[in-house]
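Heads up, the chain shows up twice below as structure tokens, two forms, tagged structure 1 and structure 2.
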Structure 1
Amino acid sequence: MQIIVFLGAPGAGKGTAAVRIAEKLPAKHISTGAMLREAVKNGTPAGLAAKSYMDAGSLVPDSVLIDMIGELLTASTPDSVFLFDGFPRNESQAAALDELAVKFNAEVGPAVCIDVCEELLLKRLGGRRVCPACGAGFHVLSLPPKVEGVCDVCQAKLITRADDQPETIKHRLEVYEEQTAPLIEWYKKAGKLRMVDGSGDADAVADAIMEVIR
């Protein structure tokens, strides 16, 4: 069982790359949000615990997220490959993930960091659009929907996420530098870090990631 971690600032393209890599390997793309929604929908013990926090408008604590990942690994086969997008977000979560991997005889790594300059990050974040119904993602410049403002998958009206509004983008990048960027050094010390230039188009980035994974 293998867990490949995707690192990078908001707007680096972690989710887009993970979707493409999941098809190429094959592997299962695990985003924190999707994992939460699935666990809540299935009514698992961790999902029910998460729902109580979400209903109260509180952040789901690390312990519940770790329990959720444990449920995922328990239900998986030894040859499973997972692409973690959005987790871990800090060194504490990375340490907990390592402990969980030992318990389930899984390997964490490589950790792929998609490197993108701040100027490009700002352009990407400002142009992102998402479907509130099915979760599909688009971009006004690089991945526009077939019909402007309408989801290709389910035809719902696309929205700009609250955290992609201009006034919040700067704060998101500051939080990343403070909490998540240190994971680059964490995985570098562990010999698991693989840096990839994320300034190209999605296919080029996916190809580069496949090279470092191999």
Structure 2
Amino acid sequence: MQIIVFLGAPGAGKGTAAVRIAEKLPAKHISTGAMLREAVKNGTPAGLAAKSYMDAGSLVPDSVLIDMIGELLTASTPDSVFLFDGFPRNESQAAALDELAVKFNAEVGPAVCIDVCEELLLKRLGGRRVCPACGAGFHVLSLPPKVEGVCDVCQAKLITRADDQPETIKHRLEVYEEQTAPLIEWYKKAGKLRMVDGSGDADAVADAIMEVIR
């Protein structure tokens, strides 16, 4: 079992890159944000526990995430290759992942950090739109839907996620700096870190990632 980790601030393009890389490798793309949004939608206990934290742009309690990842690995086969997009997000989650890796005989790494300056992060996050019905993602500048405000896939009306509202964006970036950015050092010390410039378009970023994980 192998677990490739994607690091990077909100808006760095982890999700977009992860979809592409997961297809190229191939690997299974695991977005904890998407799993939590699904849990909220379905009203599961994890979803109920997570909702207020997510709306505020704060981290959901570690136990919710660690249980979720533990269940995922338990249900997986030894030859699985995962691409984790959004987990771990602090040092205690990284330590828990290392423990799970021992238990499941999995290798953690490489950890790919997608690096983007704050100005560009703000531009990207502010323009994000999502489809509440099918989950498709769009961007007013870089990936506009064919008809403004309408999902290309299922024609539902697009929304701005609660956590993409301006005040919440600011808070998410602070949370990233305080809690998640230290993981860059964590994986650097472990010799697993690969830095990638995330300022280019989606194809350029995906190519750069493929280069460093080969």
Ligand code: AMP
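What you see is a predicted model, and the numbers here were worked out from it, not measured in a lab. Just so we're on the same page, rigid core means the largest C-alpha set that superposes within 1.5 Å between forms. Reference numbering: structure 1, starting with residue 1.
Note that the form predicted on its own is the one shown as structure 1, not structure 2. Once you line up the core between structures 1 and 2, the Cα of Pro26 stays within less than 2 Å of where it was. Asp62 is among the residues whose C-alpha shifts by 2 Å or more between structures 1 and 2 once the rigid core is aligned. If you fit the rigid core between structures 1 and 2, you'll see the Cα of Leu48 move by 2 angstroms or more. On a core-based overlay, Leu36 has a Cα shift of 4.3 Å between structures 1 and 2.
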